[in-house]
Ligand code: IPM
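A lone chain, given as structure tokens: the form predicted on its own.
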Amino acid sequence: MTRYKIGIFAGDGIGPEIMDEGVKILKLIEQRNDVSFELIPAAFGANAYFSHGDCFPDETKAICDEVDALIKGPIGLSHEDSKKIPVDLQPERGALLPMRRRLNTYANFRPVSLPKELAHFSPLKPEVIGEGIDLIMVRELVGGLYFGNKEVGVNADGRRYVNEALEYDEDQISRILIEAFKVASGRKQVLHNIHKSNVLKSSVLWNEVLEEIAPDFPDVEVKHMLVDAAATALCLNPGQFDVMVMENMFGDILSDQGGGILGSLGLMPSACIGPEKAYYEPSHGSAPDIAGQNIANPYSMIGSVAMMLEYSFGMHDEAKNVWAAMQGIFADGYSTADLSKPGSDVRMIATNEFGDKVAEKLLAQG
């Protein structure tokens, strides 16, 4: 029997309730296969600050180092509640970015997928969606503006100022581009390179490195697109994209837009891959306004479980089974209140009921 240790970081807001559904599916997968998952919970995010005085406690750091992979829920509080935590200790600065740096999870994969049968979730017109949306965004995750030097102060004229540096070196750029080329080679062999080289020198270097790498992947056609044009194109013709690669901040913004064209970030899981291990997370926030109401859809959490099965554990068939089961729930006419408005032609179910139905479909697969 193969044994894995998995860190379980439930997070804030709706995190614990959707994590319960992810764990439910993990336990079922364990029963169906010759595999054992040791699930190790840890405090992470705003909840950790209030219980441990730190959004990323030492105990949690030790678990990061110990496990084979991690799955985390969304973190963060409302704007007002965030003020209860010092700025530099707030969950994103005090926990998420340090964890990415610690694990060196430089490659972020975010599938933007909506089969034609589920097109009613999207705000885009049916003629724009066409046969469905199926693309993947590959984002550099540990460099750029988010990780560059930061300085805040008062200048000689008494004016407050901030200076944040966008920093990349060629090694950081090449390794994420190689990952993107590999993904593109295994799909439709088209890679959209998203940049802003008409303004940013960082994009000039990015493109130079890409041109050096591209000959190693002669089967992949590279298409260059400015990031602002890409934002427009995602709304007007998402079907033109298959694999998109971009630096950190561009990826943050465009992947959220990807959730928008699907109809919700609740339909968008993600994988954050490093050289030794990975963590998996929904792309959406902690939605404190609906926390505890049992109405949040766990699709992105269960989808993150599916990505962990595939990327970290090589369980490709079971990952496909989980995706099929989740999409089957929607195809059967069910949804949760956070994704569908009352009065729409769907049957509303609760968070835990969605997880139960996914489990039922998996069991029915045999």
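This one's a predicted model, so the numbers in the text were calculated from it and none came from an experiment. When you see a residue number, it is the position in the sequence shown, counting from 1.
As for the form predicted together with 3-isopropylmalic acid (IPM), it is not shown, yet the points below apply to it.
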Of these, 242, 179, 92, 167, which has a heavy atom no more than 4.5 Å from 3-isopropylmalic acid (IPM) in the predicted bound form?
92
Answer option from 96, 129, 184, 112, heavy atom within 4.5 Å of 3-isopropylmalic acid (IPM) in the predicted bound form:
96
Using a 4.5 Å heavy atom cut-off, which of 96-104, 120-128, 193-201, 291-299 contacts 3-isopropylmalic acid (IPM) in the predicted bound form?
96-104
For residue 134, is any heavy atom within 4.5 Å of 3-isopropylmalic acid (IPM) in the predicted bound form, or not?
no
Can any non-hydrogen atom of residue 250 be found within 4.5 angstroms of 3-isopropylmalic acid (IPM) in the predicted bound form?
no
Heavy atom to heavy atom, is residue 172 within 4.5 Å of 3-isopropylmalic acid (IPM) in the predicted bound form?
no
Would you mind checking 280-302 for residues with a heavy atom within 4.5 Å of 3-isopropylmalic acid (IPM) in the predicted bound form?
281, 283
